[in-house]
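Okay, so here's just one chain, in structure tokens, the form predicted alone.
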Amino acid sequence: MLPLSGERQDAKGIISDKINSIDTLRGSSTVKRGFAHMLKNGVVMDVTNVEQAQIAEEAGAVSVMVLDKLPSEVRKAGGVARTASIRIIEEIMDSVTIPVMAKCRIGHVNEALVLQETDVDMIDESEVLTPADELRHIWKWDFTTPVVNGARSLAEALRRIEEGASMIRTKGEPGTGNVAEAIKHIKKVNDELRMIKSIYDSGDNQELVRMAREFKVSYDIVEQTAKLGRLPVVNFAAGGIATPADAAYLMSLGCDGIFVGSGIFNSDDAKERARAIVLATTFWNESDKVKEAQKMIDERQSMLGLDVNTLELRMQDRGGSA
């Protein structure tokens, strides 16, 4: 099922065309959200070069996300983090057969347009990069290329979906190797989904109106989400995932898939860890397979994690108030 809450027939990103006398339509919610559905139960891996992208593909990743630096390196480097080099993106696109995504800064319309012109398969309007506009996200209905956004709560997720996001990733704290924030936020989203589902089931439309006002979204999207009992788009987990067990736990909490950033390529066993996280994500509900995946890695070779409570920079907070 492809819920189409928020579909806009006047969206500028929808393009009608003819290919060999056959009518085609690109940029619709069905096409863009359908692409996200094709990635379900898979792992998207952050990469910075061709070698890493090839390791990701060989490990079974469903897609790669191209950055100039991995999130942990962005955290260490400081300064302004921008979209990756177009040359690197194109080199990676030429070297792998799986979909290629790339990040743009929150609110930076022209970075997103450049990525669309580069023909990436999905754009991530990401808090890992330095926001261009803290108060306004990109109006994603104007884009033919699907866009994924992060969220820490149901309200944030629904606001991004109303802006045209085709996919959500529940935020953790990127570049830390600490999965705690990702777990906290998917549980928060789940709690809020259960709450509005119970309101819907009770027939209390007045309370749904109140929730829509509290979330700062339309009544229609709250009603459809409450009826579904889940987000109307695919939702992956992201931020701090470093082990197969991390991935399996987040899948058990209802995530549709996993984004892995620094946890793989900042470890000393990247190839094995990449395969192990894919295995655990695919077979998250089979404990013996998750154990097999966990056995493929050595904890002594994991990236050194960070305590999220002592961080000066909390990437997850970027753009959250918009």
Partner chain sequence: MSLTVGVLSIQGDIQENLVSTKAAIDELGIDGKVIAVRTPDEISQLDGLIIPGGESTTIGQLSLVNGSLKILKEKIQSGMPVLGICAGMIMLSNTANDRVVGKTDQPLLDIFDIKLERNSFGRQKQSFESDISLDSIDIPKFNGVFIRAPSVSDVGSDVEILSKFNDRIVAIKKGNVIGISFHPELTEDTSVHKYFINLVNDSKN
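Positions refer to the first chain, counted from 1. Because the structure is a prediction, the values reported are computed rather than measured.
Separately, the form predicted in complex with its partner chain exists; it is not shown, and the next lines address it.
Between the options T130, S218, N205, T144, the residue in contact with its partner chain in the predicted bound form by a heavy atom within 4.5 angstroms is T144. Checking 184-192, 240-248, 155-163, 114-122 against its partner chain in the predicted bound form, the stretch whose residues place heavy atoms within 4.5 Å of it is 114-122. Contact check for K271: every heavy atom lies farther than 4.5 Å from its partner chain in the predicted bound form. When its partner chain is considered in the predicted bound form, A61 lines it closely, a heavy atom lying within 4.5 Å.
Its partner chain in the predicted bound form comes within 4.5 Å of no heavy atom belonging to G107. The shortest heavy atom separation between N41 and its partner chain in the predicted bound form is within 4.5 Å. Residues of 226-263 include none with a non-hydrogen atom no more than 4.5 angstroms from its partner chain in the predicted bound form.
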